[in-house]
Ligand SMILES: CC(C)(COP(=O)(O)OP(=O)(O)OC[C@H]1O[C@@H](n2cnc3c(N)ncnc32)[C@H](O)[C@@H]1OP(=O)(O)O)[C@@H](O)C(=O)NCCC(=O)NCCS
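Shown here is one chain on its own, the form predicted alone, set out as structure tokens.
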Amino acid sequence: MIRKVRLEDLEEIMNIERESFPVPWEYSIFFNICIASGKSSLRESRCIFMDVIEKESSIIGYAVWEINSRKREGHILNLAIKSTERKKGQGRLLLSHILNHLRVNNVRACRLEVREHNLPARQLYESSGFKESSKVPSYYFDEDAIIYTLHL
């Protein structure tokens, strides 16, 4: 089940974040999104969203994305699935959920960054229609980023 994030999800989210990324996001970032119930306005035309996917009452993944309504663009900021739940279609389900949300909100394009050597993530995005659009050297300090774009 996919639903809006709640403050009580924070510990499980941080555990998934730490096991998923060499440089995890700070607790305060997730805390601020959680206390806003998964929807936080940045400026008048920009808003961040966060949803979680749960299985048997446990959080097994989450996604954070942004919509710039003025530019009609989406930006996937963070998507992670608990290591024991990977390769079971949960990431694809969460990605599809985000893309549907973007389409409903009249977003025309979506972009994201991914570590160059994160082949499972790159395969997921490519199989979902994303196209490699550029490369940013040392984006992650220790690794280049591949920028993907999808026209909706």
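Residue indices: 1-based, along the sequence shown. The shown structure was predicted, so the numbers you read here are calculated from the model rather than taken from an experiment.
Beyond the structure shown, there is the form predicted in complex with the named molecule, which is absent from this document and is the topic of what follows.
Among residues of the shown chain, Phe21 is one whose heavy atoms approach the named molecule to within 4.5 Å in the predicted bound form.
Among residues of the shown chain, Ser127 is one whose heavy atoms approach the named molecule to within 4.5 Å in the predicted bound form.
Put simply, Arg111 is far from the named molecule in the predicted bound form: not one heavy atom of it is within 4.5 Å. Contact between Val107 and the named molecule in the predicted bound form is not found at the 4.5 Å heavy atom cutoff.
For the marked spot (Lys87, Asn118 and Ala121), a heavy atom within 4.5 Å of the named molecule in the predicted bound form is present in each of the three residues. Residues with any non-hydrogen atom within 4.5 angstroms of the named molecule in the predicted bound form fall in just one of 87-95, 31-39, 44-52, 66-74: 87-95.
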